[in-house]
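Shown below, as structure tokens, is a lone chain in the form predicted alone; questions about how it binds or moves come after it.
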Amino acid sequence: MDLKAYLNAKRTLVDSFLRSYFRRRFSPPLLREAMLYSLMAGGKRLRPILCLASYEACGKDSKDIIKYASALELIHTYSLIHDDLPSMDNDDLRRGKPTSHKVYGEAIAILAGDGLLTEAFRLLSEESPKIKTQALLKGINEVASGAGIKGMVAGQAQDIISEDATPDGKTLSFIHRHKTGALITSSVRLGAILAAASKSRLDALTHYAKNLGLAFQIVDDILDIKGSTEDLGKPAGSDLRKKKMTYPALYGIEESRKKAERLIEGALGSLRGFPKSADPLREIARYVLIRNN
């Protein structure tokens, strides 16, 4: 399949929905402006696309769940705004543009993130004739778990606590599986849950997503060292400067690369029982490794 065409098509669907959803005005205008500044600054839309691809892998039409998948991008964007704050990672550049707090100040940046997070759950709670209410409730619970104290927030907290600490495998795995992996896993699981997938399919997709999420962050760790600020859209080498606990810091680049390769092999193995409708998930997994070349 043509992965580039697939990603572009799905990204266009998500972006079109987001532009339409935020077309209505609300006050104060500055808050809306700040929210849209970060939300529409670009980005791969990986989490919404994974949700759509998972839904398709279960034999469904992804157009049914565009608004639910798009809600994941609101959550991801809120996390980036807060992650960049001076009290967190203190970054000045995101997606090739000045970070939210550099443009709007810390207070509005925090509130823009708060607004995006809350609006995401408003979107997720909207009923649809295509989705059973019980599946929607289960999906909301899943996303809350992946984004909150059982997932992303816990990983972010441990990441901050572990700065300057001696790297160890257990802590490092916790940070990556929660800070990055949890929302990626919930994105894949949300698609399967909304599709009313069988337990065996949901379990297989969960295994795929957990492997993919960790591999994605390991590759990000490598790119922070090997990539350029222009390519990354954020300052290269920031992990080293902040003494972050990363896979290259603990295992070196080559061993980290091998770990990512093994994880992707595991992700692909999880999809053996799925038909061609799961090919986008397969190609996305392979793409994660290509980013490292």
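Just count from 1 along the sequence shown to find any residue number. Worth saying up front: this structure is predicted, and the values here are computed from it rather than measured.
Same protein, other form: the form predicted in complex with a small molecule, not shown, and the subject of what follows.
Taking K102, R95, K138, H207 one by one, only a single residue has any non-hydrogen atom within 4.5 Å of the small molecule in the predicted bound form, and it is R95.
Residues of just one listed stretch (161 to 169, 192 to 200, 176 to 184, 124 to 132) have heavy atoms within 4.5 Å of the small molecule in the predicted bound form: 176 to 184. When the small molecule is considered in the predicted bound form, A215 lies well away from it, no heavy atom lying within 4.5 Å. For the chain shown alone, R47 is a contact residue for the small molecule in the predicted bound form, at least one non-hydrogen atom being within 4.5 angstroms. In the predicted bound form, the small molecule sits beyond 4.5 Å of every heavy atom of L111.
Taking non-hydrogen atoms only, M152 approaches the small molecule to within 4.5 angstroms in the predicted bound form. Each of H82, Q156 and D220 comes within 4.5 Å of the small molecule in the predicted bound form, counting any heavy atom.
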